[in-house]
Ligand SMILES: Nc1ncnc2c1ncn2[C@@H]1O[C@H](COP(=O)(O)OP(=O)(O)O)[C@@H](O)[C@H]1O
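Here you get one chain, nothing else, as structure tokens; it is the form predicted on its own.
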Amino acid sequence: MIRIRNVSHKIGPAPILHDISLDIPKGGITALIGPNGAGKSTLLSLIARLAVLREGEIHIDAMKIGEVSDRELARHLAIMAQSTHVSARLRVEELVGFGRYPWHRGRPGPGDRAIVESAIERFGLGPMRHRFLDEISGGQRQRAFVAMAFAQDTDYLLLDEPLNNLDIAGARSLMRLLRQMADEDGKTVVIVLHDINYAARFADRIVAMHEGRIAANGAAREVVTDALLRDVFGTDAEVSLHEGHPVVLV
């Protein structure tokens, strides 16, 4: 379980998060949704220790952020940040292989190579494995970064807007893979999404954020409502149900 207690955060003088307390259960997919500037990516960065936690506490199971070492945390939690730019010229399989570094520390063994092969196959990267990242499409590159996080083989997987640069087919395929990882591999996936319909269709839990606070937290049918769209997103779009899942009608 990820336990967040009384977390506030500022960037310079600007407050970004206000006294956030939240439990994210182990297992399944939890989607963070909200308008731009709601604090979703900041909260994810604090959990992943990409930003310094200055106020409040975050625990990943028995580990306390700020006390556990980076090496130990990397064996339990993988992160795909919003920015996926790399300065080095890497091939796809080299990028995916970086996911094993917290385990082998520069000395990969047969087990590491097998996990990388599994990630390349699972994410459909085989035909482009030897190509450089700047030679493939943005959507293919996005999948390669998610595959790298998957290859890290952690209980927790944190993804910040992984559907960026993906067309509808690529986005559906990736969300189905994440659903499979949660259901069959027992992964805990925490994902920042802008598309509410993907969150409502694939996530077990939705956490809606607004102006640095938790506006709603629960199952999709409880959270995705006309009132939420009006009060949090500032739109009069309507919500309907399709096969038991709420759908925002645009």
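One-based numbering along the sequence shown. Because the structure is predicted, anything quoted here is derived from the model rather than measured.
There is another form of the same protein, the form predicted together with the ligand; it is not shown, and what comes next is about it.
S.K.: Pick the stretch from 182-190, 60-68, 40-48, 221-229 whose residues have a heavy atom within 4.5 Å of the ligand in the model of the complex.
M.R.: That would be stretch 40-48.
S.K.: Looking in the model of the complex, is the ligand within 4.5 Å of a heavy atom from each of 142, 173 and 199?
M.R.: The answer is no: none of the three residues contacts the partner (heavy atom, 4.5 Å cut-off).
S.K.: Name the residue from 239, 20, 16, 24 that puts a heavy atom within 4.5 Å of the ligand in the model of the complex.
M.R.: Of 239, 20, 16, 24, the residue with a heavy atom within 4.5 Å of the ligand in the model of the complex is 16.
S.K.: Taking any heavy atom pair closer than or equal to 4.5 Å as contact, tell me whether residue 35 reaches the ligand in the model of the complex.
M.R.: Yes, residue 35 lies within 4.5 Å of the ligand in the model of the complex.
S.K.: Check whether residue 137 has any heavy atom within 4.5 Å of a heavy atom of the ligand in the model of the complex, and answer yes or no.
M.R.: Output for residue 137 is no: heavy atoms all beyond 4.5 Å of the ligand.
S.K.: Any chance residue 165 has a heavy atom within 4.5 Å of the ligand in the model of the complex?
M.R.: Taking the distances in the model of the complex, the answer for residue 165 is no, it never comes within 4.5 Å of the ligand.
S.K.: Though only this chain appears here, would residue 82 touch the ligand in the model of the complex if you measure heavy atom gaps against 4.5 Å?
M.R.: Because a heavy atom of residue 82 falls inside 4.5 Å of the ligand in the model of the complex, the answer is yes.
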